Each structure stands twice: as structure tokens, then as C-alpha cells.
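Take a look at this one chain, the form predicted on its own, written out in C-alpha cells.
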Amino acid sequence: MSILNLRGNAEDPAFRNAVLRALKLELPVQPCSSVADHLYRLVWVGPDDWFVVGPKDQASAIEATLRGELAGTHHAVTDVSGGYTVLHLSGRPVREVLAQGCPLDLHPRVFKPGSSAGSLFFKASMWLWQTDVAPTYEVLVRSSFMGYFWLMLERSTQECGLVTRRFQ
């Protein structure tokens, strides 16, 4: 997947409109939220900070589009694809698996589709968001922590099993 870090002033209508023109998505400005369509996901990371997740090998094109639309606004766009990995986690026991190492309350009354948050999975920092009511989560993990994260995920799924699939 392509992963970019986008920084800018969410209170500036020109910035928000430029992102909308570039990605055809409204910038999520509510803390701990995310929005998505069939191509992109925008994840709120902080008051002036977002992750843009897009199709694999498209980081340069996404970056160029954003830079073109954001010209004249105060912004930063950085390709961080090499530093992060996104995992898709789904299945009936996924909340219980994540709860073994994550202190967030992932109960459906609290954490719903569109919710996002930074947290830990055991000792690895992560950013996660829920994509549907199934529930399915996407987890953003620093590549340098991926081995540890995967080890802890395997140990957390011993009772229910772990099935791996590759997405393009």
C-alpha cells in the first residue's frame, strides 16, 4: 500500500478544498476518525496531521496530485510507505485478539466504523481504524516493529487461528 503523511491547517478552507480536489474525500477533522472510498483512506492523526493510504505503488502519483492541488497553502506531504505496513484484521474474534495487547476499548458502542486511534499492541506502537461492522480493522505498524507485532499477533491467535492473505 502507499502511505503518505499529510500535514496542514485543517481550519484553512483552501487546504481542505485542495485535499478534496486531489483525493475526492473530505478531510476528517474530528479527532480519532477516518474516511475512505474505493481508492483512498484518510486517517486523522492529530489536529494538523493525517495518514493518506492508497493503492500499492501509487505514492508518487498521490504525492504529486496532493502537491499540485495544495500549491499556495501551508502544507507538507511525505511518502512514508517504506516505514509502515498496513495489516487487515478481520473475523469474529478480532476484538478479543486485539484486546489481548491493546488497551483501547474496541466495544462496538465506543469504537465504530470510521473510528481511528493510536495505541499499542503489547509494546509495539500502532494506529488502527475500523473499516466496517464485521468488524474489520486496518492496523498501521512501523516496519521496524513488524516482526514483533506479527509474533505477538500469532501468539494472540493461538486459540482461534490465524489465516494470512496478501492484498495488492
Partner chain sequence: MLQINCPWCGLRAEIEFTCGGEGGIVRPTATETLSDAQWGDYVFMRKNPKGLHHEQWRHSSGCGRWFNALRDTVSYKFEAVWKIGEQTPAAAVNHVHTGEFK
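Numbering follows the first chain given and starts at 1. The structure displayed is predicted, hence computed values, not measured ones.
One more form of this protein, predicted in complex with its partner chain, exists but is not displayed; see below.
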| query | finding |
| --- | --- |
| is_contact(Ser119, its partner chain) in the predicted complex, heavy atom dist at most 4.5 Å | yes |
| Heavy atom of Leu66 within 4.5 Å of its partner chain in the predicted complex | no |
| 4.5 Å heavy atom contact, Asp49 to its partner chain in the predicted complex | yes |
| 4.5 Å heavy atom contact, Pro31 and its partner chain in the predicted complex | yes |
| Every residue of Arg7, Trp44 and Leu104 near its partner chain in the predicted complex, heavy atom within 4.5 Å | yes |
| Partner-facing stretch of 111 to 119, 66 to 74, 35 to 43, 53 to 61, counted where any non-hydrogen atom is within 4.5 angstroms of its partner chain in the predicted complex | 111 to 119 |
